[in-house]
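Before any questions on binding or motion, here is one chain by itself as structure tokens, the form predicted on its own.
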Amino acid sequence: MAAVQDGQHNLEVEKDIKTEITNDGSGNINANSSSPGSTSSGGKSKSPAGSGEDQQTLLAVLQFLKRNKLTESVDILRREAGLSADADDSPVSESAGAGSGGVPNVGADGGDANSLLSRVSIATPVAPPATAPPKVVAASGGEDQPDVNVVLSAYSQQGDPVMYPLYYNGLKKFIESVLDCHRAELSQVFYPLFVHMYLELVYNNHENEAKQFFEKFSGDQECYYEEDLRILSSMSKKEHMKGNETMLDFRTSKFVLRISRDSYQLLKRHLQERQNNQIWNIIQEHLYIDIFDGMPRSKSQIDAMSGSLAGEGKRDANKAKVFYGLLKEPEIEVPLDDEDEEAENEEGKPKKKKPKKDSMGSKSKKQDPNAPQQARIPLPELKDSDKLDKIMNMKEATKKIRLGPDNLPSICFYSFLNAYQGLTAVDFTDDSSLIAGGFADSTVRVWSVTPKKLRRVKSAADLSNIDKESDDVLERIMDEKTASESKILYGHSGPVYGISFSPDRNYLLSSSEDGTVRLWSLQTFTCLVGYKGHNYPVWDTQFSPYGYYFISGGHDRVARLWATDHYQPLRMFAGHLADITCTRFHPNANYVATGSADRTIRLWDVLTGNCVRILTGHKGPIHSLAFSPNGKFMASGATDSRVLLWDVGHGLMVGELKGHTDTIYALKFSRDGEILASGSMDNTVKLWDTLKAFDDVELDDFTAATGHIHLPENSQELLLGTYMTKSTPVIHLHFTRRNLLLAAGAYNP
């Protein structure tokens, strides 16, 4: 039923809402409602008529009499029915959606037909102008940002402020008295209820009652909501609520709770028996109960998945198929490879390497059954230079060290000394020949890690004198006078927060507080394009593994997919409730992962733009993401000092690595995916045995459907080593093609 505001509403809107609610069979609580004889949400008066049908008829008759100008009859009927003067102003269409038998649908204000009529019967209804649009909140937990006043008006249906602590305390006592198996699940209701009851008190100007309510019950909430509660406590007046982002988040996104059917029935029965409409209305309007059949989850299972700004991800959100397999490697002509190898290697080494090359080639020819179609998204064609690079990569791979618990990598740490400009981001090229740093003084600096110095291309006048047919034309076009170990790139007008090299080492991306992403040429060391689409700081950007495409995310909560030759974004991924703090491409470039300050990770399909995974479990903003080389798993690190491991195909958490004591800013899998390196602000690099972590995992359809995950308590067994720096926070990690680990950070004396 649409929210009744005594204004003229649209019948089509009414029908739409009705279908949305009645057709939502995924356990959404909006399909249920309280019994016909329930009291009003304010608890002040009973409904004037008996059943839902009588009430509808009464309103219909009143409107008919009014239309025919039989005012005396209208007054007599009103007096006898005990209705106020404005009661018959609401159109019949609004109550017509209630359905027969007194089982009405719940709409934007979460009340049923009875509580609606009893609100109408109170002598002082609030009537907005007749032109006010109907407020519609979709049953799917609308993720858009509606008008602030419309959002706040949801809290205008208030009860007696003195009763709020009693209602909350009564529910608390009931949940504490139920069986242990149900208690953990039902305790999830406390936090969203507390938030919305507090906001209702504040909105209705009960400042003292709100303060007392907060002081009395805020201590009962889970510790991982501490930051949210701190922000909430600062909203003590109605005017504070307008324009407050946290307030809009709570109001516009339904808090998702995953509860077993048995636990849900217990809660529903208790609230209906107690006629506790205030709590029931909040549950109906602001919560999305995702009901599953089966055993209730334990406290540890719930704690593992909870902590995000809007509760857990809906199960439906993780049901879409994800093609996590790798794309088939392009076939590169072997003769070119053989000639190249023979030129560089003597003493019969090519013979030794050839079988290895063939085995790699045969491996790439097999199509992974979980891989997307090769042409699912258009990828750039390989240039000759790319093919040469692939050959070099294969040669390097033959010298790659196989890592494991008994064979840990060497670690080379690059410390940025005297980085008074404030180092904010680091990246290495895939072949580990260049390193770039983004700084708070708005510069980007590039260093050569090899003896080969950085040179610019000659001027146009000098280039015209070069013989373009010569074999060493690529050397001749470079200007030796400009050779230096490092280059500084100027262009941004604010701190640089994200940088990324293109796979072919020709370009560098940088994102900044100035709201732009810039593309730099590493041939001329100049800015080629400034991509403008974000209105606020851009926290991170990353090139696709195949180049051409790149992703950016920032304070505006929207991730954007770009192509280097388009100045407008190709896709916009909206859905996060707070800043997007990190972005990562999947190894097959068909998916993009975004980590956010709303404590969730989302996986987006590049082709359709849809969100195909919502992963919850972190208790703080997420600052690092990494995919395993086979594309099947993902690791994430956050301010909660934990690394979480995820199965991308099932959308489930499969491991938790504890050991760091501060925010984790860097994660990287080794080239084989056997080891995960994590770098933190606690000045350490830790190595984890991911083969063991993923081998121990047993996933089935039931686990995926209900979230009954059993995280092994063996993170210390998985820890292979801890390596401390003197006083340098680790902000980037990179495995070379031979599996040497490179780390970087700014020395912090």
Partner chain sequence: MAEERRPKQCTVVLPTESMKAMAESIGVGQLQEESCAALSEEVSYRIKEIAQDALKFMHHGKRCKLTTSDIDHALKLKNVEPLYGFQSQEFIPFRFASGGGRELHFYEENEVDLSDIINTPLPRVPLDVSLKAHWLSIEGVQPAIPENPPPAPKEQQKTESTEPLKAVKPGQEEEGSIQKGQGATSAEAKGKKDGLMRMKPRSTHELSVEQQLYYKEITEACVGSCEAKRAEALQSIATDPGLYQMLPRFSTFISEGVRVNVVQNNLALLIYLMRMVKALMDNPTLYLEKYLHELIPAVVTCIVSKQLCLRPDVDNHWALRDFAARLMAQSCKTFSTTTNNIQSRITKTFTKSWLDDKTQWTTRYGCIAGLSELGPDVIKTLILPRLTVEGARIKAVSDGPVVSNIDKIGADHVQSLLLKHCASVIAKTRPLPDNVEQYRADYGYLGPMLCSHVVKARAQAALQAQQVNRTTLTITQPRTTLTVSQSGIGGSGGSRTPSIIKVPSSLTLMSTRPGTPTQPSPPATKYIVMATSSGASSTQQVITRTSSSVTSTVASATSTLQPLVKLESGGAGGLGGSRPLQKYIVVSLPSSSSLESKSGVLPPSSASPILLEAGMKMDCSDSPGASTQSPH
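Here the structure is a predicted model, which means the values were calculated and not measured. Positions refer to the first chain, counted from 1.
Missing here is the form predicted together with its partner chain; even so, the following discussion is about that form.
- Contact with its partner chain in the model of the complex holds for all three of E207, Y420 and T639, each having a heavy atom within 4.5 Å.
- For the chain shown alone, H555 is a contact residue for its partner chain in the model of the complex, at least one non-hydrogen atom being within 4.5 angstroms.
- Though the partner is left out of this view, P378 does not reach within 4.5 Å of its partner chain in the model of the complex, counting heavy atoms only.
- In the model of the complex, its partner chain lies farther than 4.5 Å from every heavy atom of T450.
- Contact check for D695: no non-hydrogen atom falls within 4.5 Å of its partner chain in the model of the complex.
- Between the options I411, L607, M478, L77, the residue in contact with its partner chain in the model of the complex by a heavy atom within 4.5 angstroms is I411.
- Interface residue among Q523, S415, N630, S73, judged by heavy atoms within 4.5 Å of its partner chain in the model of the complex: S415.
- With the partner left out here, its partner chain still marks one of 283 to 291, 315 to 323, 573 to 581, 266 to 274 in the model of the complex; by a 4.5 Å heavy atom cut-off that stretch is 573 to 581.
- Residues are counted as partner-facing when one of their heavy atoms sits within 4.5 Å of its partner chain in the model of the complex; in 181 to 198 these are S187, F190, in sequence order.
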